[in-house]
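Coming up is one lone chain in structure tokens, specifically the form predicted on its own.
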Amino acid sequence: MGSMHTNLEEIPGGLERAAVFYAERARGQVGLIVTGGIAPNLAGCVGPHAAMLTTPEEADKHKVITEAVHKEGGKICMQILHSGRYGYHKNLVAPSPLRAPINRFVPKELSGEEVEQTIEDYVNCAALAQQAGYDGVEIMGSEGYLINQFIVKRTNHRTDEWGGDYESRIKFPIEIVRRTREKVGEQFILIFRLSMLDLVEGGSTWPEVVHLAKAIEKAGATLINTGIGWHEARVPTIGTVVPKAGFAWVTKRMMGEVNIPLITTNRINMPDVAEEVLQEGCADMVSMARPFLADPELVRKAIEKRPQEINTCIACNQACLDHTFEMKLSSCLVNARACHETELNFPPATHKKKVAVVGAGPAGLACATLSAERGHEVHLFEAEPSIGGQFNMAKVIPGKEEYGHTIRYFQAMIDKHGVQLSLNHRVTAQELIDGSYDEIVLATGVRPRQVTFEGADHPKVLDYVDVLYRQKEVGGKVAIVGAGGIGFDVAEFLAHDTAHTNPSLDVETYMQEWGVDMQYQEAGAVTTPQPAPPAREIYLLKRSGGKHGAGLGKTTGWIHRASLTMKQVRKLANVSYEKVDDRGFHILVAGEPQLLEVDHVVICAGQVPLRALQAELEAAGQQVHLIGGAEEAKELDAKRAIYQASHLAAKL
């Protein structure tokens, strides 16, 4: 289990909660766990009040974690992470005083004496981790953090013994590993996370990466883990657009260059993907991080040949990385219990109830299956011919195919826990009243908001359901009304040419589209992106000014914007909608009239809740719960829907 920032270590009582979190994964048969990054000193913290390990007193507090994991038979390493110029605070330091493009703070340049002290802080941190009972440490040398900043010319402009030529620039990581090994002895696991692919200009060349790997092995590392891309890189490395195991080829390139085991990582989310990586000789070991947020039992289910029951990570980032960068506690969109194991549980019900759940979208599916797991008799009604709700639209969008995994998982849970599913059944209030249910849950979702401009009923006008779910034909020139998440998804769907390979399903196509040099001829392996031509001429329109997709996820919004730019989507703001007629779409842009001679106009202008059953049921004295879109039509918020459903199921 790879390292993840969860913020558990930063909150009051967080180490105790982290102990439960990690122990549950160890119980699920994870072989080796790596914690979130812990700073070796104050300057190394990723932000104010971030976790550090600098004193014996702090080490003693970590024993609750190591003892909990060891009790379950697992092993756990603590990651030592110094953020360098990525630190979001005023005390940040770096090899050179160069501000990171993703940070507003300028770092102070470390003096030679401070470099020596920082090395000693790493060594001290590792020794304290050993004292705390950890089985080892992972030294974070990738992703553009401090060690990586020393290694490359891009961020190391020093002229002393810690800068200049490559041998001098890599002295910092080598000394950290060498002195740490001397301090902790031979039996302590020492993982070095090596940046095998910087994905930034001025990054390391491949011969340099190999040279450093060999030097790190010689210095005493037990394992080398693969780091991919700096945080400031403009190539997505872990989003759902990345093909599964999309960067295992880099680790494979390193195989045979060193004699210690190599770990590969990034977008490996299911046992069959991991097995293929190993069978193809890409690595000696596989690391998954977010998949263990989604399902702590992933490995056990693989061992017991129950892969259909794995709650698969869909790499959406919405509750994990987005939360981390907002300084909130991480969780998981598809598993609301993640990082909340001490407060959200589903014990067997003390009183069996008869429960009706209306709507088999994410909210209804989560509530129905979790309630049935607790022992309630659950009847699930769905008007459509299949379960999944809005996820049936998400899964057809290029780069969001993984959403189909969540539908598969819920179907397995329906079958396992005996949910009585009725498809193609638009249940009436009277049926529910006559059914004598103890609890009725309305998870009926949303419908697209109607528009009122002239010609809204013209044959040219479609809504996003027509396009994504009903698969209606769309012409070669399209205007999309609404630049939120749905508008972006529709634009991505319509811009993709089915005659070309889908980049999210093919590694070489993906690397070509985003400008990754798989031959590694360039430093950092960055080259000019070569995206496939767009399938259509698309206009993405919004009423307000400012950036398109401003409300998209913090860690994925830039990906969606960059992708649509590559697809040559024309983004127009400050738009007023006049009318649609046979000539096209008449609009005002900042008050100036324009005619978009389009074949279709697709409406993605928000949603309204579907809760027609509520009034009649409540009038009859029925207990009704509204969850998901039926409760609040705010974009298509599956994170909130599954969170609400899970908490309701825990209380029923």
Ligand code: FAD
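Everything quoted here is computed from the prediction, not taken from an experiment. Just count from 1 along the sequence shown to find any residue number.
Only in words, not in the display: the form predicted in complex with flavin-adenine dinucleotide (FAD), which the text now covers.
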Taking the partner as it appears in the predicted bound form, which of 511 to 519, 95 to 103, 270 to 278, 440 to 448 has residues with heavy atoms within 4.5 Å of flavin-adenine dinucleotide (FAD)? 440 to 448
Can you pick the one in I414, I263, L333, I216 that has a heavy atom within 4.5 Å of flavin-adenine dinucleotide (FAD) in the predicted bound form? L333
I151, L298, I80, I486: which sits within 4.5 Å of flavin-adenine dinucleotide (FAD) in the predicted bound form by any heavy atom? I486
Touches flavin-adenine dinucleotide (FAD) in the predicted bound form: H425 (any heavy atom, 4.5 Å): yes
Closest heavy atom of M393 to flavin-adenine dinucleotide (FAD) in the predicted bound form, within 4.5 Å or not? yes
Report yes if any heavy atom of L194 sits within 4.5 Å of a heavy atom of flavin-adenine dinucleotide (FAD) in the predicted bound form; otherwise report no. no
Could you tell me if E109 has a non-hydrogen atom within 4.5 Å of flavin-adenine dinucleotide (FAD) in the predicted bound form? no
Whether G364, I397 and Y464 all lie within 4.5 angstroms of flavin-adenine dinucleotide (FAD) in the predicted bound form by heavy atom: yes
When flavin-adenine dinucleotide (FAD) is considered in the predicted bound form, the residues of 637 to 652 having a heavy atom within 4.5 Å of it are D637, A638, K639, A641
